[in-house]
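Okay, so we've got a single protein chain in two different forms coming up as C-alpha cells, structure 1 first and structure 2 after it.
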Structure 1
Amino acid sequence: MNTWVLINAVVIALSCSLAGAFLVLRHRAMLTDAISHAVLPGLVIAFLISGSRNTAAMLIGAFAFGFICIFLVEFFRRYVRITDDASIGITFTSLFAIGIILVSRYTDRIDLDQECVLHGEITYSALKRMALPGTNWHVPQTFVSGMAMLFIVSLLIAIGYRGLKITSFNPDYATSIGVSVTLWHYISGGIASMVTIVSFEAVGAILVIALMVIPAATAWLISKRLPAMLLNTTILSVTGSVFGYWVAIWLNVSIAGSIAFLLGIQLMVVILVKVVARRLPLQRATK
C-alpha cells in the first residue's frame, strides 16, 4: 500500500467535492466533464509554443481554454438562449474536436495524445517528488499542488460564501438586490476549472468528475442547509476515497475505478434509505 497515493486521493477529493457542491446546486454538474475535454487544444497549443511538456506552460494553456469553455457556456445560455445542457454539449464537443484536429495534424511533432492528456493514473501520482523548501523532506508534487489547490478553494468559498449561496439558491432574488449572478457563475465555474485542470492529470478525468458530482449529489439528498451539505460532501468524498482505495488494493483493480464505484455505492445506499423511509409511514397508515 502506497500511503502517498491515498493521501493524494483524499486531498484531491476534498478540493473536488467542495467545488462540485456549487455546480450541483446550479444544475451544472457536467461542466466538469466539459472542462476536462475542452482544455485539450490549450495543452496542444502550449506544447507547440513552448516546445516541451513544461508543467507551467501546460497549466497556462489549460486554464486559458478552461475559461474559454466557461465563457462560451455562459454566452450561449445568456445571449443565445440555449439551455444549460445544450450549451455545455456544444462548447465542449467543439473545443475537444479542435484539440483532436491539432493532435492529428501535428502528431509527428507532438509526443502527446488525447488519452494521455485526459486520463491520468493516480498510482503514479506519488512518483514525481520535490524537496520542501529548507528541508530534506521530499513529497510528491501532486500533494503540494493539491494542498495549494485545497487552500485556494477553501479560501474562495469562505470569502465568497454569501454570493455563492444566494446566486445558487435564488438567482432572481440575487438580481433584485444587485448581486451579479453572471459574475458568481464565472467564479464558481472558475473554481471548478482550476480544480479540474490541476487534478485530472494526476488522478484521471473520470475520477475528477466522480469526485465533483457524486458526493455533492449524495449530500444534497440528505442535507437541508448549505453548511451541512458542504460538510456531508467532504465526509462522503473522503470516506469514498479511503474505502475505494482499500478495496482496489484488496481486489488488485483500478484505484480510480474503485473509488468512483464506492462513491456510487454511497449514493445508492442514501437513495434506498430515503425510499424505505418514505414508504414506511405509508405502509403504517394503510394498516
Structure 2
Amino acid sequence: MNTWVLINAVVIALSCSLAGAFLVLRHRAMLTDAISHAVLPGLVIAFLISGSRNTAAMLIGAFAFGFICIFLVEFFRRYVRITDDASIGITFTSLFAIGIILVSRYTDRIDLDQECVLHGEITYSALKRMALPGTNWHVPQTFVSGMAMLFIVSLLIAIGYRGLKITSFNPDYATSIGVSVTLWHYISGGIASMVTIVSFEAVGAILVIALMVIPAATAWLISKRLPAMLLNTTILSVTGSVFGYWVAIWLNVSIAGSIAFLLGIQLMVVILVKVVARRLPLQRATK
C-alpha cells in the first residue's frame, strides 16, 4: 500500500529533477520558487469554478497564472523599472497571497488548506485509483499522470537535446551559429513550468523547488559532461526520495519535508567530500 506513495514520489522526482537540470545550468533556479508560489491562485480558482479536483481545469488555471506571473514580472521590470529580482519577488508573493486568501476564505468548499499548499498530498496520492485501460490493474491516478509527465519531459529533452545543451553552455557560440538563445530560454522555462504545475498538487510548493534544484546542483558538482550530469541528477533524485521517505516513515514526520531535507544533506555531503578531497596530499601530487 505505502509502496505506491514511494513510487509516486520517485516518478515525480525523476521528471522534476530532469527538467530542473537545464534551469540550474542556466542559473535560473529561483524561477521555480516564483512559479511554484504564483500558480496557487490558479489552482484555487479552477477548483472553485469546476467544483472538483478536476485535473484538466486545475492545469488550465495554473497555466493561466503562470503566464500572469511572467507577464507581471516583465511589466514591472520594463514599464515601472523595478529591479529584476524585486519584480519577481513582488509578483510571486502577491499572487501567493491571493491564493492563500482564497484558500482560507473558501476553506469549506475546497479540500485544500494552507498546510497542504506547502506539504502537498503525497501521503494520500496512493488512495485515488483508476483502472489501466484494457486491464484489471488499479493504479493511483498520481502514478498515471506522473508517468505521462515523465514521458513527455524525457521526450522533449531528447528532441531538444542539442539546442538545450548548446544554449546552456555556450550562448555566445549558439548565437553565432544562428541558434536562438531566447527561444531555448523559453523552451527550458516552459518545460520547467509545466513540471512545476503538474507536481505542485502532489508534493507541494517547497518539495517542487527542492526536487528541481538540489539534485541537478549536486550532480553538476560531480559530473564533467552533460549526459553524466543528467544521469547523476536522476540517481540523486531517486536516492534522495527513497532515503527521505524512509526517514519520514521512521520518524513519523512530513514526507515532502523529509525528502527536501535529505536532498540537501546529499548536496552537503558532496561539497564536504570535495572540500576534503581538495586538501588531500595525494590530489595535490597528481596536479
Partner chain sequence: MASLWTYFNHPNFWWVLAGTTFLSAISALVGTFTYLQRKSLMGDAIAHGILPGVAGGFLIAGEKNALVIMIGAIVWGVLTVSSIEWISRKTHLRSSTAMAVVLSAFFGLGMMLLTVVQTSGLPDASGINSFLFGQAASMLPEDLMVYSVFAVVVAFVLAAVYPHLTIISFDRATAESNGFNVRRVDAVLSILVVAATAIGIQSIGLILMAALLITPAAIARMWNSRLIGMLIFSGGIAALAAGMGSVISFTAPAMPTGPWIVLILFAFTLISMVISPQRGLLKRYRQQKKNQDIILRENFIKRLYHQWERSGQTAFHLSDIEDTPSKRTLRYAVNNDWIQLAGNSIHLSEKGMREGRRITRAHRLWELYLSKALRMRDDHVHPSAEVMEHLIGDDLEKELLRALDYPLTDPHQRDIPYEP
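In this text, rigid core is short for the largest set of C-alphas that superpose within 1.5 Å between two forms. Computed from a predicted structure; not experimentally measured. Each residue is numbered by where it sits in the sequence of structure 1, with counting from 1.
Engineer: Two copies of the same chain, shown separately. Which of them is the form predicted on its own?
Structural biologist: Structure 1 is the matching one, since it is the form predicted on its own.
Engineer: Checking residue 189 here: with the core superposed, does its CA move 2 Å or more between structure 1 and structure 2?
Structural biologist: Comparing forms between structure 1 and structure 2, the residue 189 CA shifts below 2 Å.
Engineer: Is it true that residue 144 shifts between structure 1 and structure 2 by 2 Å or more at the Cα, once the core is aligned?
Structural biologist: Superposed on the core, residue 144 moves its C-alpha less than 2 Å between structure 1 and structure 2.
Engineer: So that I can tell if residue 100 moves, could you say whether its C-alpha shifts by at least 2 Å between structure 1 and structure 2 after the core superposition?
Structural biologist: Passes the 2 Å threshold, so yes.
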